[in-house]
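Okay, so here's just one chain, in structure tokens, the form predicted alone.
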């Protein structure tokens, strides 16, 4: 039986933030459902962390509203917003053990010692940290420190969980496991979560919906599959892995290295086909990756075997993988599939 969401819906209407004369957010509007997991995705400087910190109450907007469960929290202090934040650095005090760290927010709220102890034990079991209550942060692994930071945030029973790249300091192997744990935990608790990341794979794995930010504006919002298959513009396509760009008619076609195909002699394909030459080919672990020169442009394509340099090839892009955009100001042009361009 599915867990009923106990998180609260979040609303952002026309939010603007400026640092001095620099406008960081430009009238951003977004609705997040109760129990929904939303990822804010984009490169450094796109405004995703500023948006998160505005929701948390650490940054004051110059315009717009933020509501939680219909209640206007735009000018409320952080502790009255019903939200808890997990920081990129975890922000664990080196002198404070795990149990005291997790119970810190409860002590600030005036809970008695017995009640705090019971809640801390509950968090230790939930996060698989049993027996580690007396350890200091220096005695924990990176994954354990991340769980402690999560426990401190969850112990106060927040309506909204805010996550500021909490896995960026973990190595790849640990990060993969923690992603699964975080998503399972969020779903089991039914809590509303907003997660900032620059890692597209992380956003795809964790989120119900992804918000791609570009220079303080929302470039596209939607489920991971929708953004992957139909990026709204060249900026979104590039950020979601379609980094290859080849000129085609009055526009440019973008596609991912794993989706392009080197065609066999006489092979046909439903999609654009280019004549090219292999410039370079290297082994990338389980596959070869070829650099194919097409006129003045180059494209990376995954191939099953090594291709010799200077080999003439036909590069095909399947219809569903070809994303067409206008040649002028491509980051602002609307998406057009190859099928629509026909």
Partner chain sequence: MMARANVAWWLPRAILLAAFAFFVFGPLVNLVLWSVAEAWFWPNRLPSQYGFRFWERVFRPEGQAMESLWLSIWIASLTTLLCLGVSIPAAWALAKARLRWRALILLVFLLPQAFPNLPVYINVARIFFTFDLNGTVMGVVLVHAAHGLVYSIWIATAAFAAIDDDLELAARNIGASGFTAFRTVTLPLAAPGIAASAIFVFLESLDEFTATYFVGAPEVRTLPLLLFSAAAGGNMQIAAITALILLVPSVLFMLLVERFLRAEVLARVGR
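Everything numeric here is computed off the predicted structure, so don't read it as measured data. The term rigid core refers to the most C-alpha atoms you can superpose between the two forms while keeping them within 1.5 Å. Residue numbers count along the first chain shown, from 1.
Separately, the form predicted together with its partner chain exists; it is not shown, and the next lines address it.
Residue contact check for residue 184: none of its heavy atoms lie within 4.5 Å of its partner chain in the model of the complex. Within 4.5 Å of some heavy atom of its partner chain in the model of the complex lies at least one heavy atom of residue 83. A residue is said to contact a partner when one of its heavy atoms sits within 4.5 Å of a partner heavy atom; residue 95 meets this definition for its partner chain in the model of the complex. Within 4.5 Å of some heavy atom of its partner chain in the model of the complex lies at least one heavy atom of residue 87.
For its partner chain in the model of the complex, the listed stretch (189-197, 105-113, 173-181, 231-239) containing residues with heavy atoms inside 4.5 Å is 105-113.
When you look in the model of the complex, the only residue of 91, 264, 118, 138 with a non-hydrogen atom within 4.5 Å of its partner chain is 91.
Here is the short version: of 314, 26, 53, 287, the single residue with a heavy atom within 4.5 Å of its partner chain in the model of the complex is 53. In the model of the complex, the residues of 58-79 lying within 4.5 Å of its partner chain by at least one heavy atom are, in order, 58, 77, 78, 79. Comparing the forms between this form and the one not shown on their rigid core, the Cα displacement of residue 97 reaches 2 Å or more.
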